[in-house]
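Quick setup: the structure tokens below cover two forms of a single protein chain, split into structure 1 and structure 2.
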Structure 1
Amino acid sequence: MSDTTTGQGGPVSAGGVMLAADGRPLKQSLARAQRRQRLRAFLLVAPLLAFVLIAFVAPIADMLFRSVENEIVPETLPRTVAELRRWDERSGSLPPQEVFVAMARDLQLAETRKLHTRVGQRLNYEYTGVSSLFRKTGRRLSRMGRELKQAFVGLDPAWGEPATWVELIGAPDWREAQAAWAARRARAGADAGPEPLFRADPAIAALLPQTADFYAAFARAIQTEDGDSPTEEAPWPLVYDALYRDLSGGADLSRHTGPHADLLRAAAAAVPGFPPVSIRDEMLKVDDGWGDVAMWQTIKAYSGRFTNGYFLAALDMKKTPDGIAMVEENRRIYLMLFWRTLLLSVGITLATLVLGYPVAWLLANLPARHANLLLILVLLPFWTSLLVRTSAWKVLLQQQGVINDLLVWIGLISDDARLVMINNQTGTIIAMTHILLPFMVLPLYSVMKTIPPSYLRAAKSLGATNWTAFWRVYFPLSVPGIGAGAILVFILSIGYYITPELVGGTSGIFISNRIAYHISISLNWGLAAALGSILLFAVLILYWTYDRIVGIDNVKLG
């Protein structure tokens, strides 16, 4: 006997639940069908979504990250950054000796990894001269600590042997692994694999912290960067300086029974008689730029992993020990460029509207044969390269160009009073208005084409004049096209940089020209990202304002 009956809507179970044809509850079948439909719809848009994420969202996210990222400074100068935290930058005095020692060690490692020029270039964006200072110092680091090395080796030649340092600093398990690796290399050669990465003995690290830290950094650097082994390379002279400082600091060697304990005790007893060495004095001999307090203040101010320095620079500001301040007046250019970009973009938008509105009206109201011919003329600039059009305006607008020659010929101006229309804002506005005019005409035309001519005839039949009929009837209906064209032209104009670069000169360039400069020439990508981010935020704010006043729903393309 079946527990299923048939109702008006289809099979029904004994419990009153509607069933589908496959015997499943109808509600579950509908939910399953809807999930499949949503999955098919998602798969259809997935390629476009992936393209948007890769080509649009990811670059914007990367730009926003680069505008605050500053990891190169703390990663390349970790010891210096740690020591600078203890220094009061508002004291007006140079940092203590420990900061110079930390900087010398960090630069020694950075020079081995070829990073000292990169971190110098990064800091040079904030304080001119740091890049050359780091390069110059990097070439002379091998001389620092040389007297101490000679003193240790003169005390006992064992201090000049790589094996002494490996046995003194290396962890016992690392020494065993390294010996096993050396045996494999002797048998198999290059097939033995990479040498185990050096590890310091925790006991010696507690006893001689500076020596263990810097020797371990030296050993790892030559292993990873040069492919050498610490068992075959004597340490840098600055490692001897680290040992000198540990022993001078009163390291307690009485209970040390590790390798070369007697050698260490003999060195500790002899250290007071070694010639005094000052890393700060040696660095000042290399370049007196190390004596510039402002340079050290800059390094400390930009020592974090993230920084607002790029955004401050983009707004003509800088960090100081007393807080944020404006840069010198002769260096304030970015706020002026932002303001100029917005003003000229608005001017270009208005110019294209004034010129494009009558053209769009003609296109919408002329007979089809004439309208098509006029539309071809409107679209003709799209068939010509942007660079060609801009170069043509250079020929037309220069003082000895076609326009000035024509004005002189018809007597409007004298030959010695030719108009200056190139390499200034005038040239930028004229050239960009011509280039962007089709982007205003086409949205206007598409909207005007949908306005029935009978509306104007009805208004006139009710007693309206031509002007009243246009202003009260036709113009409000064309506002959506004005909004669409204005947004297109304005957004395009603020991002232009080729045309302002060629015809704008120093007074007609946009902020986008500086962004392009920092990306391709100065390589200050952080500042370029900050400028681009501010421009993006400004556009979003203007877009929001436009939506509040006009309403984005009123923007139509026909």
Structure 2
Amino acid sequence: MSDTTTGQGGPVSAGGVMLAADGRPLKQSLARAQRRQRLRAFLLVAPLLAFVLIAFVAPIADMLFRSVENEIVPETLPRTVAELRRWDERSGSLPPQEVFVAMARDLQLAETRKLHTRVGQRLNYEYTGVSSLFRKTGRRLSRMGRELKQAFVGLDPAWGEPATWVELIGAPDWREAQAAWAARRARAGADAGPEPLFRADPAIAALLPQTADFYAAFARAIQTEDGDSPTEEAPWPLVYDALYRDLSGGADLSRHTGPHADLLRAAAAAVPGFPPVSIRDEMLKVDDGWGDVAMWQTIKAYSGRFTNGYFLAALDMKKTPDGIAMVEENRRIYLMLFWRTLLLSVGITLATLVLGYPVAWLLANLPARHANLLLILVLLPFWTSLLVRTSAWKVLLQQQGVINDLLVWIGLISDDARLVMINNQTGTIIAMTHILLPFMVLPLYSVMKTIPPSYLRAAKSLGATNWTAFWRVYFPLSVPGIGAGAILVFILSIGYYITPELVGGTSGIFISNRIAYHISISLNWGLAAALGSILLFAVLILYWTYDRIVGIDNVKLG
């Protein structure tokens, strides 16, 4: 570079610094040109990188996130989760009344938002029976605390009026906004838009915390879920229970001046005479499942925003109050499945190696014309649809299939002793060995083609037997090909889904089939994500190894 510059008589500044044509120092100019080139290269890659990040990497990240995410429990049962924190799960006794009250309120809200079955389903993964318990209780909640409602209404019919509650709890500015909205709607009908979202008065919230909290939740729930207005709907009986608890808890009403202050004071005076109501007893009456301490322990254990529960389940473990333990012997399936996936993949990799090595050797040592012809026999299966090959094996391996027919015809087996080669591990191994064989042959072939045949001849001329020449000279040189092929086949086979699903029956399925089952049938997405994350982790380690041995830039196709 400097030669040509001086040769053209490039200008040199006083300090002896070489200058480019535009008068800048050459070094700077060169750095700038390189920077520009780097930017250009990066801009060419950037669109694809963005595309892959959105279409592929983000979904993988989403899956990883879902494997630990547990938002539904703290979000649907916030009151219960808060109350449970004060309960000592090791005491062995049932949680206190407050926990049951909180659970009843949370479930009532979840039922309105149609979430109670979903949260029940979520907890059911950890403790069988929660789902049906929640569903059953959800239907009875509207009757819990009924006696209290009757008592309040009996004291003053105003308690039965929706307007009383709105005026009592609603924030003054919300009530103004609501009134303006009501006027607008009277004129414009549906064009007035939705009713302003209910807000509770901070003053009353300080005075009657439970009532304000739960009534506000009630009002918003019926606004957003049913499109109703709190001005027209009387609150749930459980809201009366909240008021009862606030009042009997000794709320100091003496200085309260808000709307309906007298009504409130009268109620506070009458409350000690009301029939005692125990939400805990009512819930136990609905279903004695609520009396199961272990269930409450499970809910408490899975009340965090994030959970390792799915990963534990994916490894056949569970949380107990005394720490992490293995699940019962007869319910362990995932470790066995991972183990089987691993074993079958190793078996398939070995089978492809045993079958692929001689073929690759033959291809690499035949004259190019013949080798190309034979290579087509390897490439055709490679290009043929996976489902075509799987259906071929399904047809061949059946009990009434071609292979069994042939064996019966030869007389090797009798007609009533046809071999069972499908819907078991044999089927999976045979079909997958066939499907993955090209992925072993091609890398082996490309490595073997670079081994000069003269090496073997040299070894033999020095007195080596055929075997020694192969084992001491040729084989070590082909090891990179073996490594590349074996890792590729292994990576592909541990994630296989279609072939085991179609020819594997129950004993030949892989962990992938379980992942698919949890996504589309049991709908336990968190567990599917955790199983997938473990599998992904294994594959990434192998990928990294592959990159180390072969280098991803050296992958060749066809």
Partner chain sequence: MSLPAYATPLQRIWHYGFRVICGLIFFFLIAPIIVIIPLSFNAEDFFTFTPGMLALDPDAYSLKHYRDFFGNPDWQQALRNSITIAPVATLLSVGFGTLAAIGLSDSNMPFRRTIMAVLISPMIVPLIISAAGMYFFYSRIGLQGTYWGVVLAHAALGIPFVIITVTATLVGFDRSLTRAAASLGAGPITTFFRVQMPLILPGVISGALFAFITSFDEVVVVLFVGSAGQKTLPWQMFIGLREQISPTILAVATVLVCVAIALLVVVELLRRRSERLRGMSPS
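Note that the rigid core is defined as the largest set of C-alphas that superpose within 1.5 Å between two forms. Keep in mind the model is a prediction, meaning the values are calculated, not measured. For residue numbers, the reference is structure 1: its sequence is counted from 1.
- Only structure 1 of the pair represents the form predicted alone.
- Relative to the superposed core, Val239 undergoes a Cα shift smaller than 2 Å between structure 1 and structure 2.
- Once both forms are overlaid on the rigid core, the distance between the two CA positions of Phe470 between structure 1 and structure 2 is 2 angstroms or more.
- Comparing the forms between structure 1 and structure 2, the C-alpha position of Gly138 differs by less than 2 angstroms, with the core used for superposition.
- In the core-superposed comparison between structure 1 and structure 2, the CA atom of Asn423 travels 4.0 Å.
- Relative to the superposed core, Gln398 has its Cα moved 5.7 Å between structure 1 and structure 2.
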